[in-house]
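Coming up is one lone chain in structure tokens, specifically the form predicted on its own.
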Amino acid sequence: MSMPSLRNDWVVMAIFAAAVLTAPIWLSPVGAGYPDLLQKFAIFGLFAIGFNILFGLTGYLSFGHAVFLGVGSYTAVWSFKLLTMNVLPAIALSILVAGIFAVVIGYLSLRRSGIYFSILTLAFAQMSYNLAYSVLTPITNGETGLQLTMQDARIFDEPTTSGLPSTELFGMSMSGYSGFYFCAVLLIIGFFISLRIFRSPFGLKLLAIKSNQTRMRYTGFNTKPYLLAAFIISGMYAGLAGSLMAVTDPLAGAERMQWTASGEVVLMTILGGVGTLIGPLLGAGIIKYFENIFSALNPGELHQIFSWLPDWLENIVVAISSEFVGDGWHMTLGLSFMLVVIFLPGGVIEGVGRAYTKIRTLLKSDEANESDESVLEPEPVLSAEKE
């Protein structure tokens, strides 16, 4: 990689890290600056980044990625129950176990491509979801979900007598803003790894597979190891996200493996921009903002928001907008998704790019008009010399 490109990547990383670490400040005006929602932004951002490595670079659409999210959560909670409440072993084990599951599922699913691959991954996820409710109940605790108890071994921790312990990192609690900043650091690291993959020869090979896998095979290039590697990396990202869900809230349930969770990350990636670096993060942020902010609005709060309008107009606006918030927030999300797919196939990132191009064009045209006017201005006539 050339030095200018490497320098640009470090600039991107510096801007991204600054934006993530200062999120509590610039998200507060829109009501999203509290720790629980910030943690969700970071966790599902990691989930979407990992999914984008598979879908964005190879074009292989997985409908079963939530299985790795659930596996990561279960592994982390078992680590808290058997080993220690320190989050580092839980995260390491979750990534490892999710990677092992990804090897098995990826090896079998990648025997097919296109819609058949998508259906296979969905089948594996639903099978895992049903097993968690039936055969694997001794491990998953079925419908109740896996939770901490006073009788847990925790062989590396001292016994507790004053209630259930909380997750910690060398004595620092993983709740509140400390939990968010821990997730934020991992998000920055995950984004950096994704950036390096996109810029690497490995990433270029994945893009070539997406462009024309058949032609690559005709040249004698074996695409399967690269696809499997992308699938495993993507699954490990999902396992990391699942472990962070358990870190911020130490319980795990089979609902994290449900097909709706897999569909959610697909929506996040498409909404933000498939194959882009920032797009999936934006998609995750938009969906989680709708889910947590729009779903909490009620007519009383809408009246406060639009109180500056005349009473008759305020009542009309509140009556219309109330259908798109609260229980109807899914309608807002659905309409937003439809508009993006129809008018911005490249996602929100494409809209940002178009707006930037338009602004640059307008600024350049203004500069050109000013320069033309200066050229056309007549030169001042010199006064005649006095006789």
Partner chain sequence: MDAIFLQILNGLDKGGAYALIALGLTLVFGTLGVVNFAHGALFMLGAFCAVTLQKILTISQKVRDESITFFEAYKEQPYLEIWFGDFGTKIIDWSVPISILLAIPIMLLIGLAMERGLIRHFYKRPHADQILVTFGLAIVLQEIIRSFFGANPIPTPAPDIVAGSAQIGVLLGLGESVVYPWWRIIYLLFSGLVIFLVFAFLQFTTFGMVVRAGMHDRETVGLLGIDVEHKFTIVFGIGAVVAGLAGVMYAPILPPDYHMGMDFLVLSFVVVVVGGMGSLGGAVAAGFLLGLLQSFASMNEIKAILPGIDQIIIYLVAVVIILVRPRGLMGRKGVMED
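Every value quoted in this text rests on a predicted model; they were computed, and no experiment measured them. C-alpha atoms forming the largest set that superposes within 1.5 Å between two forms make up the rigid core. Positions refer to the first chain, counted from 1.
Just so it is clear, the following notes concern the form predicted in complex with the partner chain, a form of the same protein that is not shown.
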| message | I'd like to know whether residue 335 contacts the partner chain in the predicted bound form, with contact meaning heavy atoms within 4.5 angstroms. | response | yes
| message | Please determine whether residue 61 contacts the partner chain in the predicted bound form, using a 4.5 Å cut-off between heavy atoms. | response | yes
| request: Look up in the predicted bound form whether residue 323 has a non-hydrogen atom within 4.5 angstroms of the partner chain, and give yes or no. | output: yes
| said: Within 4.5 Å, heavy atoms only: does residue 345 come near the partner chain in the predicted bound form? | reply: yes
| Joint contact, 18, 186 and 227 to the partner chain in the predicted bound form, by non-hydrogen atom at 4.5 Å | no
| remark: Among 279-287, 293-301, 194-202, 259-267, the stretch whose residues bring a heavy atom within 4.5 Å of the partner chain in the predicted bound form is 259-267
| Proximity to the partner chain in the predicted bound form, single hit among 116, 156, 177, 221 (heavy atom within 4.5 Å) | 116
| task | With the partner chain left out of view, choose which of 144, 166, 130, 137 has a non-hydrogen atom within 4.5 angstroms of it in the predicted bound form. | result | 130
| With the core lined up, does the C-alpha of residue 27 move 2 Å or more between the shown form and the other one? | no
| request: Indicate whether residue 340 shows a C-alpha shift of 2 Å or more between the shown form and the other one, with the rigid core used for the fit. | output: yes
